[in-house]
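Only one chain is included here, represented as structure tokens and corresponding to the form predicted alone.
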Amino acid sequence: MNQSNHQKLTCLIVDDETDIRELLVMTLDRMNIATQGASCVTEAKALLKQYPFALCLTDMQMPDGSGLELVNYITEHHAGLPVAVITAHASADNAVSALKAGAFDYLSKPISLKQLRTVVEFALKLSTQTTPQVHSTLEMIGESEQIQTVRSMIAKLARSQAPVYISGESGSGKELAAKLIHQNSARADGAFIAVNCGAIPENLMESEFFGYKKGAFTGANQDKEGLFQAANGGTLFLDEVADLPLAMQVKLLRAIQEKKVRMVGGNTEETVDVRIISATHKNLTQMMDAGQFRQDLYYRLNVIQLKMPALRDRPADIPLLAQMLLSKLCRHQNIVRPEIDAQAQAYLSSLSFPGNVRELENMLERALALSDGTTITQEDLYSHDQPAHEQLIELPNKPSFDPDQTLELCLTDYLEDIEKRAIIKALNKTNQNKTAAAKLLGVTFRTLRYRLTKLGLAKEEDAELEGEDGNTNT
């Protein structure tokens, strides 16, 4: 180690092969990084006690132990020290085991100097990072125990290069979690590329992921980079990864393992440095059992799993989320944010939200349009397509309420009254434009016209048209 230059960071190199150690020493020296070498696990542990290191590179196989043992030791006794493992060519199991144990990244033999420099640069970014990233995990709104656990996991995952699999229901915030992992990582300066795997036609998948060369197929008039090239140096988020066909799963697995891609119509492979984060709302274990998802790809993607909780499992967070989402909607529309009254807040907290945060946002957007602009009430939150048992919280205590009436009659009158008021508000908001009002209410124009007639709100000409369509009894 060069003691004369105190500005140099030092890397611990652990490998029993002298040639590998010398190659690593020369490469790091060109990067102005000092080195200390060890030929076995015992020597490495002794050096870790003597010197402060910014990075550790270790082989997986050594005379007195394994690189995995050293990774576990560093994780326990030198938390925060990035460690990358060097694995035999195509030894995927070793790499995955090391990443699960806490390794920052891995390198495959024969070592690519380009990949080595990239791994070292990212590791040193983490090692020298003394202040939190600009993007706080507090963007993941909530104070419940479940969401605090998610934020804690995101902070840990941001310090690794390991592939992450995010599970959870639709609308639970999987893409936001992926973005926060990226934004708080050493890759924050790189691109975050999100792709919905289910939205790409099967015959275009390979060219979309890996790009294509000019003349590769009809219409390929120029070279075009793929998603892997676009995400080089950053993060590639594969949403709904369960929708990938089996043929594409094989190609994706190879790209992840080898860190190389070949453009469609190309003759050579190019190295890419991409962190993979994947997500789906489907059960991949069941899909593996059914032969619909490759087991080897699953274990490659699911090195570390982050489970997003459903909104119904954290009802205490709903008021906070509602306020944040409402503020965002009002900023986009450039309007003053109305208040959500206490009854409306209690109603929101009582719902099951099968569509999770996305459903809550849609409900608030509709309520914002139906409200008076000052206050969002419980009635503003009702939707025509919501089940009655979810809409009703309590019957109004009106003077006209007759206890001798059946509950069925009261419920029908109550819901019709709510529906009338919602429709009238929508029509007033849209200057009596029925097409716009139907869109605002989340129903078809035909449904709105029928409901107007049914509730006695239709003008005579509308009622005649309804009768001609023969829909009054539908």
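In this text, all values refer to a predicted model and were calculated from it rather than measured experimentally. Superpose the two forms; the largest set of C-alphas matching within 1.5 Å is the rigid core. We number the residues from 1 along the sequence you see.
The protein also exists as the form predicted in complex with a small molecule; that form is not presented, and the subsequent description refers to it.
Put simply, residue 357 is close to the small molecule in the model of the complex: some heavy atom of it is within 4.5 Å.
Proximity of residue 255 to the small molecule in the model of the complex: non-hydrogen atoms within 4.5 Å are absent; the residue sits far from the partner. Although the partner is absent here, residue 271 lies well away from the small molecule in the model of the complex, with no heavy atom inside 4.5 Å.
Contact check for residue 172: a non-hydrogen atom falls within 4.5 Å of the small molecule in the model of the complex. Across the options 234 to 242, 200 to 208, 95 to 103, 256 to 264, residues that bring heavy atoms within 4.5 Å of the small molecule in the model of the complex belong to 234 to 242. The single contact residue among 348, 81, 303, 140, judged by any heavy atom lying within 4.5 Å of the small molecule in the model of the complex, is 140. Among the residues 248, 310, 176, 284, the one placing a heavy atom within 4.5 Å of the small molecule in the model of the complex is 176. Comparing the forms between this form and the one not shown on their rigid core, the Cα displacement of residue 331 reaches 2 Å or more.
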